[in-house]
Every structure is written in C-alpha cells, then in structure tokens.
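Take a look at this one chain, the form predicted on its own, written out in structure tokens.
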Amino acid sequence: MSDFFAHGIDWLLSSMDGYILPLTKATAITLSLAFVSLIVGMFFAFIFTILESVPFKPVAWLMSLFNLTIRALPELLIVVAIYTGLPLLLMALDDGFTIPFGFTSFTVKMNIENTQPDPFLCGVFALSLLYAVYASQTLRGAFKAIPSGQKQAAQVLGLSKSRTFFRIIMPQMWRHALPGLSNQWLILLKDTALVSAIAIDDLMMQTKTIVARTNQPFLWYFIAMLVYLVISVLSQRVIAHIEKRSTKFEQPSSANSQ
C-alpha cells in the first residue's frame, strides 16, 4: 500500500512539473482579489445598510429595490455586465452628454484617456458589489437585533448619535453579524472563480489553461479543488478564532480560564 501511494505521489509531482509556479501565482491573484473585494465590499455594505434604514422612505425604497435586483440576477451575469458595460460608460463620459434639469440643462464630460478598464478592477468592483448587497442584509438584521433601550440609555447619558453608534451599537452589530459575514466570505472566495470569464488569470483561469495544454482535466480540476478547500479550511480556522475572541466576555469565567 505504501508503494502505491509513493508511486502516486511521484506521478503527481511529475505531472505538476513546470506548472507549480503559474498555479501559485494564480492562487495569489485569487486571494488578492478576494481580500480587496472583502474590504471594499464591507465599506459599501455599511453604506447600503445606512441608506436602506434612513427615515426618508424614497431613498430606503430605492435602496431595497437595488438590493433585490442584484440578488435576483445571476452572479456571472453581473460580472460580465460590469466588464462589458463599464467601457461604454467611460466612453459616454469621454464624449460628454447633456442632462435636462427643469428649465435648464447641464453637460457631463470627463477627459478619460483609457476607456478600457483593467479586468482586475472590474472583477473587484463586481465581487465587491455582490458581497456588499448580501452583507448589508446581514448588517441590517444585526442592527435590528440590538434593543432600542440601549440607544435611549445612551441619549440619557448625553452621548451624541455618532458616538452612540461607534461606541455602543457597532461593537454589538459586529458580534451579531460575524457568523453571517463569515459565511459570505467563503461564498466570496468561491465567487472569485467567476472572474475567469473576464480574462483574469486567477486560479480557475490558470487551471483551464493548464488543462488545455496537458489534456488532463480531472487531475488539474482536482488540484484546483484542493487549493480552494485548503484556503476555505484555513479561513474557517481564522474565523473561528475571531468569533471566539469577539464573544470571550460572554463565556463563563471557568471556560475562559481553561
């Protein structure tokens, strides 16, 4: 049995000879894409949550409609639409267009030298938008889970609304939202495979290229699966540690001392 595994490992290493470095670079691109999209997406998630919770109903309604539209569309369609539609928008801004406004109008025109944006930026924009829409729903639910009495108590103590939000509301929102946001991070990690459709040399795109050269689809897609699995398992370990730290004060003192 040991000889069988030894021969299998030798065959696998010989098959991967010359392709380990490109696959490593592609994995680094995938991780970079996921981390940047996570940071940008989290920023927009907070904005979407605030806009959907404002007292002014038309803004809240439009934000809810936007979130529903994004969630209803296939994710691959959104990635391709941004990649193909963004150049059209940049060309329109470069040419200039007039917007009528009542009895007057104003022209919008920008001097744009390159109307073909980088595919990586398009991928970040698409994945950030997808993450922000889903994460905003998690944050909104976490916000509603906080008792309103805490906000009233903060007002009685003379705290401003901004200080109440950042010192009292946000830390509790984070603890409530962390499990959902963690799950959406794993979904975001898998969604990075979608950007292979817009010519980004990520892990999935590089795997397709290697498969075309070697004509060994099962082997290389299996290796790509293992890479995604290892990244997900490591991410889960980090997430579990963060969740434990964020709820440490809620655990019994005997559990903390162990």
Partner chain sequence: MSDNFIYYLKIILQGLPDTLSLSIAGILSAGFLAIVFSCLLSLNSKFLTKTIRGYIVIFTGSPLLVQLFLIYYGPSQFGEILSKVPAFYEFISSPWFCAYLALTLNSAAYTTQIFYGALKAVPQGQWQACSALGMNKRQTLKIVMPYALKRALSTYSNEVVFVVKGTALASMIPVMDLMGYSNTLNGEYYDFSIFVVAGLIYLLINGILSTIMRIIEKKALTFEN
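Just so you know, these numbers come straight off a predicted model, no measurement behind them. Residue numbers count along the first chain shown, from 1.
One more form of this protein, predicted together with the partner chain, exists but is not displayed; see below.
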item: Options 173-181, 149-157, 135-143, 78-86; stretch whose heavy atom lies within 4.5 Å of the partner chain in the predicted bound form; value: 78-86
item: A212 within 4.5 Å of the partner chain in the predicted bound form, heavy atoms; value: no
item: Partner contact for T27 in the predicted bound form: the partner chain, 4.5 angstroms, heavy atom; value: no
item: Distance check, F222 to the partner chain in the predicted bound form, heavy atom within 4.5 Å; value: yes
item: Interface membership of A34, the partner chain in the predicted bound form, 4.5 Å heavy atom rule; value: no
item: Triplet M42, L62 and W185 all within 4.5 Å of the partner chain in the predicted bound form via a heavy atom; value: no
item: In the predicted bound form, residues of 180-206 near the partner chain [heavy atom within 4.5 Å]; value: K190, A193, L194, S196, A197, M204
